[in-house]
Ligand SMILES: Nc1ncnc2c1ncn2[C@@H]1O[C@H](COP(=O)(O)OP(=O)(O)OP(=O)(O)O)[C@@H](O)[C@H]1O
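In C-alpha cells, the next block holds one chain alone, the form predicted alone.
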C-alpha cells in the first residue's frame, strides 16, 4: 500500500513549492496531477494530448480515469518512496469517486494538507511566477479559481468532516509555512 498525502489549495497557494521541499527532506515523492497531465499532453503519440490541452486551456477538469492512471503509473515507478504527495488532486467529487474506485485498497490516505491562502494573493503569485504556463493568465486563472471554489473546496470540506484535513496558512514566507508542514508530518507519522 502506497502512503498518500493529498495536497490541496487554490491555484498559487504554494503547493508545488512546499511539495518540492517535502520531497527533498522527508522522502515523499511529489506527484503533481497538473504536471503529469501537461507532460502527457506533450508526449509524442499520446492518445489524450488534445483532450488534456482542451481541458487545461478551458480551466476545466480532465477525466478522472486519465489522471488516476498517470498517478498510479508514477507511484509504481517510485515504489520505494516513503509516500506520495498528490498535488492538486482530487479536484472535484468525480475525481474523488474515481480515485476510490481505481485506487481503493492500493493506498493508505494519511491526510489532506490544505494550504490556505487568500485568492487575490494566489492570483498575484500565479501572474508573477514566470513559469511560462499557458494557464497563468488572468482569464484562465479566473476560471481555475471558480473551479476551485465550486468543485475543489467542497472536497476539502468532505475530508474535514472525517478529520483528515491539516490546514496550514500559506500566505506567509515559505520557511514559516514549511516549518508548520514539517510539524504536521511529524504528528501524522506518530500515529
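What you see is a predicted model, and the numbers here were worked out from it, not measured in a lab. Positions refer to the first chain, counted from 1.
What comes next is about the form predicted together with the named molecule, which is not displayed.
Although the partner is absent from this view, residue 17 contacts the named molecule in the predicted complex, with a non-hydrogen atom inside 4.5 angstroms. Taking the partner from the other structure, the named molecule in the predicted complex has a heavy atom within 4.5 Å of a heavy atom of residue 177. Taking non-hydrogen atoms only, residue 129 approaches the named molecule to within 4.5 angstroms in the predicted complex.
In the predicted complex, residue 125 approaches the named molecule with a heavy atom inside 4.5 Å. Although the named molecule is not shown here, in the predicted complex the stretch 144-164 places heavy atoms of just one residue, 144, within 4.5 Å of it.
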